[in-house]
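Here we start with a single chain on its own, the form predicted alone, put down as structure tokens.
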Amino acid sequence: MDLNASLIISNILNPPVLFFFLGMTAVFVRSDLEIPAPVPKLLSLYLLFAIGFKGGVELIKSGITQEVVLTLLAAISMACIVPIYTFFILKLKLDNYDAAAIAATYGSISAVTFITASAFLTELGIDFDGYMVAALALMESPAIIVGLILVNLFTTDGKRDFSWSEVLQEAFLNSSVFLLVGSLLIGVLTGEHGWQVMEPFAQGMFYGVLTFFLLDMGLVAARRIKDLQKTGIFLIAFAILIPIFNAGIGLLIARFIGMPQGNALLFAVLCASASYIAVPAAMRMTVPEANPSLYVSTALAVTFPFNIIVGIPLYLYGIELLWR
């Protein structure tokens, strides 16, 4: 337990996490601190570009090995399986629409949680491979498709009227997926030469941008806490316990595959995180019957802060036990 506590304290004392707390505090004390609306979008696009480009460069260095293929297959499998069992858990208390929307949210991933975990590993001096960004990209969309299949299978009001072409476009061509995959491919194509050219921008500014983005995330998360009054204790408990459960499955898979510890942590974080950007946008369009305050507030106001404050060091502690 002492080791676990020290990891949590080390994580909390990272500047990006402290600025997340600062953003939450600003809302609680009713400060007028506010980030202008276009800025967070620009910051998120930069973070996706930087992590994707660096991941592509690292992927071309490592090549397509058996370890890479197994990791990517495991990532896709988890993105498809998590929405299924979480859907049936959520159906105990919610209707089919809300259960499917929340299940899709937790089957997908949070890129910012992944980036925060990467920064945590860098701070501790633990190596990880750039191809984990490919796993990040592949886990974004499948959960949306599975969530919509679940809605179609379990609703009893007849065939739902929506366009699968629009669904697929939203799932695979939304801005975050498109930029992440595009940056990854450009990193692969340009390799080390491209990295030498882009490093001052892609690496030098990275932690400053991440810190400022988490300041905004703290503001948004604190404002969303009010929505939790509508969710009840069931969803709050779900938003904490399911990430731990999903991370545990991810760690067992990572141990079986033989991932190094840094990769295993990132894989566990991907399994444990929940989307609060891409999936909510898709669900608003395709499942308007679902209540956005349920799937957005649980992912952003509970799971996101839990993962970046407690979850990341907790999952690393689990890795140290399993890999010992």
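In this text, residue numbers run from 1 along the sequence as written. What you see is a predicted model, and the numbers here were worked out from it, not measured in a lab.
Heads up, the form predicted in complex with another copy of the chain isn't pictured, but that's what we're talking about next.
Looking at residue 78, you'd find every heavy atom of it more than 4.5 angstroms from another copy of the chain in the predicted bound form. A residue is said to contact a partner when one of its heavy atoms sits within 4.5 Å of a partner heavy atom; residue 152 fails this definition for another copy of the chain in the predicted bound form, lying far away.
Proximity of residue 42 to another copy of the chain in the predicted bound form falls within the 4.5 Å heavy atom cutoff. For residue 267, no non-hydrogen atom is located within 4.5 Å of another copy of the chain in the predicted bound form, even though that partner is not displayed.
A heavy atom within 4.5 Å of another copy of the chain in the predicted bound form is found for exactly one of 126, 168, 189, 84: 189. Here the marked residues 60, 64 and 67 all miss another copy of the chain in the predicted bound form; none has a heavy atom within 4.5 angstroms. Look at 101-109, 207-215, 126-134, 233-241: in the predicted bound form, residues with non-hydrogen atoms within 4.5 angstroms of another copy of the chain sit in 207-215.
Contact annotation for 28-63: residues with any non-hydrogen atom within 4.5 angstroms of another copy of the chain in the predicted bound form are 29, 30, 31, 32, 33, 34, 35, 36, 37, 38, 39, 41, 42, 45, 46, 49, 53, listed in sequence order.
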